[in-house]
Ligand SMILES: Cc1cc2nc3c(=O)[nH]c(=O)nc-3n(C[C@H](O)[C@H](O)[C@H](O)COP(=O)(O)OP(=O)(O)OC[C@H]3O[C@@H](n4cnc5c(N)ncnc54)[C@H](O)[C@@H]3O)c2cc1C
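Next up is one chain by itself, shown in structure tokens, the form predicted alone.
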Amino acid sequence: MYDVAIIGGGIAGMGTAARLQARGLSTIVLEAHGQPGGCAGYFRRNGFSFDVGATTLVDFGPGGVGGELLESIGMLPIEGDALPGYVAWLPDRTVTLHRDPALWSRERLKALGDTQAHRSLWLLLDRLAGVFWRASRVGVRLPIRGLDDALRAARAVGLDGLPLVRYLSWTLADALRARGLGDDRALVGLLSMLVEDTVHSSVAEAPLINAALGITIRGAGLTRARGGMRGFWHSLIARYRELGGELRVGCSVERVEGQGRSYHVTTRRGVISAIQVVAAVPARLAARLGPEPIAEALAPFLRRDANAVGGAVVVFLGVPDDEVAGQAFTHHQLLHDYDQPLGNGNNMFVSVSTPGDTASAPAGFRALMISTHCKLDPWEGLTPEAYRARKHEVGERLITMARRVYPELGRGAVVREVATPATYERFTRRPRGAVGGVRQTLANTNQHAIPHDLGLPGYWLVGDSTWPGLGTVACCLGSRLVAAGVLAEGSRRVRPNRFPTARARGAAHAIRNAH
């Protein structure tokens, strides 16, 4: 019997498993796909390594949320490149989204407007981001479900940040309207791209605090690992196995039964027994697999969020160096038409591997990803012929639009593939191919988010369906909170004859000293 079985090998699942293994617990990760990663995974093709979702690691420097994960498991910093920022290509201008705060402060006023209203808005966003990034780094936990959670949140926010809590009921649109900036096309267009990319929401619906964190995410530090996400995963999995953790890939879970100190996880390759279980899969899948109390507890959340999911289309290109020459930055965000809805290529994200990164592409070539969000319905119920035609058409459209940045893009490509929601459903088992958690709104995030603990002792949820939501940094924070909960649950339980060996006695000591 394992101390903990973790279902799902994405960042949240592997992060939780590695933390617990480092504290002396025995863990096993069950991943349905042929390799870990989930929506932050990768695939290989003809010597190229392509990122299938996340292309950068957020806040993985010293003192950051991701940095704390590495430190907690005794892992060296990720080898890679710190990105200086992105370039945003709006219909009528470009804006450089600098990582450096001073450069970004000057650029946004120069490119988007230097009125008192603009300055007031950026000041508010900066203040919100500063306070709540700090709170995230010290492990604030939401939703608040008791006095302990409330005190923890108050300490995390600090006395200077408490007045900003009143903005929990604001959207980004409220902040724009309050300053008379709701009709500023360039400003709203840029913010729309940023909040969709980071919280999968719109200016009208995005909670202001979450939007502020997303808009300022570059300031937390973005790292592209050498070899892309493949390089990151190779390092993390190697460390997890060094710690004694067990990872089973191609091992899909069919159901979980039990309660309290005894769970049985039925997989295609047999039954796994564990004292505790962590479901690091989307909430809809967690409800389908878990014991009945978990399905019942999740039912109202799933009904609420049924229409708050979306997908993505991604084009993967392996191209000669000269097709992506001439740009100082390797990451770009594009908005083509202020008056059209976001998604389906009207806005898109372009990520190019670093020059000389032969772990990502053969010498003389680069790996490039173009991604855009999309609705799920248009990809469902298609005949094979209609699906192939739609997939080809959207792929060509994205490449054509990306030629605003790289005019020769794709003309000499040696790899050209397109992923759709059907692709994500097949390879990551995400229901309907939905990616990145739900679109964050006032009704479903922060105090209204799905909690990690649904009341069944020793059964936990983590990942982009739960608080704090999507992205590598959010999943790292979730892994920290759930690992702490697992350790605390273990310390409360007396388990006779569980510690007969020296290694197990070390595990008991680690549990007793977890807090």
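Numbers for residues come from their place in the sequence shown, where the first is 1. Worth saying up front: this structure is predicted, and the values here are computed from it rather than measured.
A second form of this protein, the form predicted together with the named molecule, is not displayed here; the remarks below concern that form.
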| query | finding |
| --- | --- |
| Heavy atom contact within 4.5 Å of the named molecule in the predicted bound form, the stretch among 74 to 82, 142 to 150, 395 to 403, 247 to 255 | 247 to 255 |
| A22, E68 and R480 each touching the named molecule in the predicted bound form (heavy atom, 4.5 Å) | no |
| Heavy atom within 4.5 Å of the named molecule in the predicted bound form - residue from A225, L368, V195, V314 | V314 |
| The single option of A206, L213, V435, L191 touching the named molecule in the predicted bound form, heavy atom within 4.5 Å | V435 |
| 4.5 Å heavy atom contact, L30 to the named molecule in the predicted bound form | yes |
| Y86, heavy atom within 4.5 angstroms of the named molecule in the predicted bound form | no |
| The named molecule contact at R430 in the predicted bound form, heavy atom, 4.5 Å | yes |
| Partner contact for V4 in the predicted bound form: the named molecule, 4.5 angstroms, heavy atom | no |
| Residues of 164 to 196 having any heavy atom within 4.5 Å of the named molecule in the predicted bound form, listed in sequence order | none |
